[in-house]
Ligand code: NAD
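Before any questions on how it binds or moves, here is one chain, the form predicted alone, in structure tokens.
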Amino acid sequence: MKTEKMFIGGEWVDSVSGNYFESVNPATGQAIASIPEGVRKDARMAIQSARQGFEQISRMSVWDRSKLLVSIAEVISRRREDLARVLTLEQGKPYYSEALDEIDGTVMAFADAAEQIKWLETSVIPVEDRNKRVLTIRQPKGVYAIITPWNFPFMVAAEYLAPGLAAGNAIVWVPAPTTSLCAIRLAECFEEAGVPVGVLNLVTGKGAVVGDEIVANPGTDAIGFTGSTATGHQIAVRGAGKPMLLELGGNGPTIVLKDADLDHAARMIASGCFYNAGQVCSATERILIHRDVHDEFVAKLVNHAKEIIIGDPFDQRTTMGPLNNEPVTLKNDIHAKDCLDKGAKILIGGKRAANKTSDLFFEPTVIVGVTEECLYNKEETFGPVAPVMSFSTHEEAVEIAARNNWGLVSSVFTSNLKDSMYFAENLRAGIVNINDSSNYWESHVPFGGVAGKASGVGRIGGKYSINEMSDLKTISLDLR
């Protein structure tokens, strides 16, 4: 088991605390690395380094920043298999069916940002005074505090790091403790690609310590965070006054109308429920089925759940690995028991998988008779679950969807164009996918919540991220 280091000021360093914590393989329970447990002093050193790094990257031309991002993408691509292996070891997702794809998506995120920043034009604005010219330019915000989760430790990091660097910011990055080894390996790629000293700084440790420091410290200028709504609220308080890009929890409904292609709907919804063992903020966690097709659809969904193979994430036959950690697995236990206590019926799954190499494997689960009082409806489960509710009218489906605190992603399955637009326009969600999984997204497409809900602030994705992570400056010229 290797003892790892943090990356601050262009150097690999231990924490000033001298303490470490273990990175654990969720599929086996075995420790795979020893990670520095950073403290506030480490975070402050990283912020100071980033302030110096900002002076360098902010002076780089757009074309030079683009070349840097291309270099990062090339290094990640070259190390594809090694990075995917670390991802499977530490996060738990299947190597062949998911981990390699995440690394490919990470490469794409950096390559996309490299192109987008070159063509992100601003405007010359017509004004009343004929002697004046008014134009706009984009400038970096400064030092960005970035905190990323464990469910997609490479891809979600890229969603902030790529546009953040493209816009000319320096970064102080705190990853989730349970996937810190993935972050260290990605930082190695940055170093190999020639990222200037101080531009990227990685601090590992507890979010309540080093994460809180980079959020609240006046040395950081802006904040990017993906994670739970509860943590997002804490960040909003501690970082009050700073620009924030927050992608928080989701539990938007997927709605199946009676005219939908049920085979297609069941296949897409199963993917939305069980991909990455359901550990996706856009996962399909509430399924609203029209009463006329309820039983037929549920039978198809159960069949898909039965086809899932749980096991060793490195086995090519495996299609679902373990959950990443005990707290999220315990939440799945609690939600399953809660629905039974409230009269729902579990058709398949609902418990931890027996005879596995760790206690974090959870069976793919389909539940019917779920009510609005169930935790499946009220909270983000973040597990391989398919909770089914029913409705009779379009209006009822929209009302059920609205009586929920989330507003990230919804899906609708129907063969009727008019009905699809009715739901697309009336569902309170930042994204509505028609006839596709709630997980459908590409790295250049805007992704985020909606006002009045608890799913975040701002938009991740392509040029939208670059816009969020830069300032629009107006310049007026008097030509008299």
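The first residue of the shown sequence is 1; numbering continues from there. Because the structure is predicted, anything quoted here is derived from the model rather than measured.
Heads up, the form predicted in complex with this ligand isn't pictured, but that's what we're talking about next.
- No residue of the trio 272, 332 and 365 has any heavy atom within 4.5 Å of this ligand in the predicted bound form.
- Residue 150 is the only one of 190, 110, 297, 150 with a heavy atom lying within 4.5 Å of this ligand in the predicted bound form.
- 226 is the sole member of 88, 226, 377, 254 with a non-hydrogen atom lying within 4.5 angstroms of this ligand in the predicted bound form.
- Picking from 218 to 226, 254 to 262, 344 to 352, 119 to 127 the stretch near this ligand in the predicted bound form, with a 4.5 Å limit on heavy atoms, gives 218 to 226.
- Interface residue remark: residue 423 is not counted as part of the site for this ligand in the predicted bound form, having no heavy atom within 4.5 Å.
- By the criterion of a heavy atom within 4.5 Å, residue 382 is counted among the residues contacting this ligand in the predicted bound form.
- This ligand is not drawn, but in the predicted bound form it has a heavy atom within 4.5 Å of residue 447.
- Taking non-hydrogen atoms only, residue 311 never approaches this ligand to within 4.5 angstroms in the predicted bound form.
- Residues of 246 to 279 that come within 4.5 Å of this ligand in the predicted bound form, judged by any heavy atom, are 247, 248, 249, 250 in sequence order.
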